[in-house]
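There is one chain below, alone, in structure tokens, taken in the form predicted alone.
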């Protein structure tokens, strides 16, 4: 059974690379997907959404998981304890790991061990999109890098292509690992990749991303979201007026998640 799946993946990936991936497109319908993307482009309206993370404010609330829990509950992210099979959209890592090219041996212990929120960087130049053979991952007009699980063939090229480790693969059916399934955002299936989408479904209704909303509700104020193309937006002013970093900028991916240390 497993060998048959491998052969299917090889065939589907090869067909897509040759421009023959009609089988993959039929999962949702090529015309329907084209209409969806055209609608997103029209809705973009020149916006460029980004997220800013104040690592000091975040670290002040030791052990806080409000943003992570809000994201994972909203999007039916399964809680799998096995680290080799876990699914995560947003999570925390120590600054020493997140900013390997910025933190050095003389950085203080507090800074090196500071917990930092990490997620998909929604790059302006996303390598994951370039390597996907079926266009299951694509960049929307207003910034977020999206995933269409119906087109995903599980080749995991995007997982390898992402330099931030921001994508998870469903090695097993995630449903048994979700305490309460919210039908508003269907769980993904076994054999597909998933990741943070910057809550594009909430943005479409004028709502903030779930993580940002939860952080504000807790009173932490560590997350700031907005339109970088608007010079009057709070996030644009914050990034312009403070020393902010982006992860692995030397790779030319142009991340749209900004950090202040």
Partner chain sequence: MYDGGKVVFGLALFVALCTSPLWLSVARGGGGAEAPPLQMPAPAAGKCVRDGEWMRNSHMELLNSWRDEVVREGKRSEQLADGRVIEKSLTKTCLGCHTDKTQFCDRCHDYVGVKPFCFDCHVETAGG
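Positions refer to the first chain, counted from 1. If you're wondering where the values come from, they're calculated on a predicted model, not measured in any experiment.
A second form of this protein, the form predicted together with the partner chain, is not displayed here; the remarks below concern that form.
No residue of the trio 58, 79 and 209 has any heavy atom within 4.5 Å of the partner chain in the predicted bound form. Shown alone, this chain has one stretch from 64-72, 232-240, 214-222, 195-203 that lies within 4.5 Å of the partner chain in the predicted bound form by heavy atoms: 195-203. Using a 4.5 angstroms threshold between heavy atoms, residue 116 stays clear of the partner chain in the predicted bound form. Not displayed here, the partner chain is kept clear of residue 124 by more than 4.5 Å at the level of heavy atoms in the predicted bound form. Residue 186 belongs to the set of residues with a heavy atom inside 4.5 Å of the partner chain in the predicted bound form. Contact check for residue 104: no non-hydrogen atom falls within 4.5 Å of the partner chain in the predicted bound form.
For the partner-free chain shown, 135, 136, 138, 146, 147, 148, 150, 151 of 118-153 come within 4.5 angstroms of the partner chain in the predicted bound form, judged by any non-hydrogen atom.
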